[in-house]
Ligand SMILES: NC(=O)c1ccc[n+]([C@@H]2O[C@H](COP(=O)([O-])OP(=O)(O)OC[C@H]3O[C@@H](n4cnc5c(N)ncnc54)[C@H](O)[C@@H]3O)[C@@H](O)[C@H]2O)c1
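The chain below stands alone and is given in structure tokens; this is the form predicted on its own.
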Amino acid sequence: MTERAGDRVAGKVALVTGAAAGIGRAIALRLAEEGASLVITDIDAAGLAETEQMIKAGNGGANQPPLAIAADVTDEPAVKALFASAFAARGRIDILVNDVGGGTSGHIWEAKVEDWDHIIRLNLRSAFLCTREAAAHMRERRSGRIINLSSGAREGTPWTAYYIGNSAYSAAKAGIHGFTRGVALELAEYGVTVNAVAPGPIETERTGPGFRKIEQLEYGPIRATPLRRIGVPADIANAVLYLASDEANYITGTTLSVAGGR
């Protein structure tokens, strides 16, 4: 049976990292719209509180109130405490979305080792720590969805490479692609699917000003994107919703590009 609009993840418990703003916030709101009970986390407690209020206002009390837990998901004890709190409050986790990421390292000839280490930690360590906790639980239940955020940068981003450089981010997001594939194979026999979404240029509170500065340049994001537009967080949230839903129950180990054809 195909789900109706509004119930595509009804009754599911979803944990979304990086939910204080941007793509993470859009994902949390979209899953809540479709009936999920949300556990949201971010290191930005103030932004997380705003997302919590938006979820409450948006679903009109139809679902359980969201559980907001401020945490640094690159820290192992913090991640263990996060999942312990989520399990205590909700009893299970059906959907994990690893959205935490970002960082800038500059051109390779000027990149600092501390920036490289920070970006790898932020993007890869966070996904590893959260996935490890969720996987052990989902494996026992023989059910679950894990969705990681990769990026078009995993194959190099022209406007970034030419104008600011950020090979560390490309390496990290390529790592997410390989991590997703490996974990998907490990968990397949237990009925747990693991996929990734790879955004192209997406305008958020953080990226918007930068895009405005370079959008008309020769290698700018609009000219380099066949659909000739910069995406919005809802484009990514819709893709995540699809992979989290029963409609995608025969898809695993896949990185879905949501990049306007780039």
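Sequential numbering from 1, following the sequence displayed. Please read these numbers as outputs of a predicted model, since none were measured by experiment.
From this point on, the text means the form predicted in complex with the ligand, which you will not see here.
Engineer: Within 4.5 Å of the ligand in the predicted complex, heavy atoms considered, which of 72, 133, 94, 115?
Structural biologist: Only one listed residue qualifies here, and that residue is 72.
Engineer: Just give me the single entry in 165, 158, 102, 175 that has a non-hydrogen atom within 4.5 angstroms of the ligand in the predicted complex.
Structural biologist: Residue within 4.5 Å of the partner: 102.
Engineer: Closest heavy atom of residue 63 to the ligand in the predicted complex, within 4.5 Å or not?
Structural biologist: The answer is no: residue 63 has no heavy atom within 4.5 Å of the ligand.
Engineer: Is the gap between residue 119 and the ligand in the predicted complex 4.5 Å or less for some heavy atom pair?
Structural biologist: Judged by the heavy-atom cut-off of 4.5 Å, residue 119 is well away from the ligand in the predicted complex.
Engineer: Even though the partner isn't displayed, in the predicted complex is residue 50 close enough to the ligand, meaning a heavy atom within 4.5 Å?
Structural biologist: Although the ligand is absent here, residue 50 would stay clear of it in the predicted complex, with no heavy atoms inside 4.5 Å.
Engineer: Though only this chain appears here, would residue 243 touch the ligand in the predicted complex if you measure heavy atom gaps against 4.5 Å?
Structural biologist: No, residue 243 sits far enough from the ligand in the predicted complex that none of its heavy atoms falls within 4.5 Å.
Engineer: For the three residues 9, 33 and 144, which mark the spot I'm curious about, does each lie within 4.5 Å of the ligand in the predicted complex through at least one heavy atom?
Structural biologist: Checking in the predicted complex: none of 9, 33 and 144 is within 4.5 Å of the ligand.
Engineer: Only one of 85-93, 144-152, 177-185, 107-115 has heavy atoms within 4.5 Å of the ligand in the predicted complex; I'd like to know which.
Structural biologist: It is the stretch 144-152.
Engineer: Within 16-34, which residues come within 4.5 Å of the ligand in the predicted complex, counting heavy atoms only?
Structural biologist: Going through 16-34 in order - heavy atoms within 4.5 Å of the ligand in the predicted complex - the hits are 18, 20, 21, 22, 23, 24.
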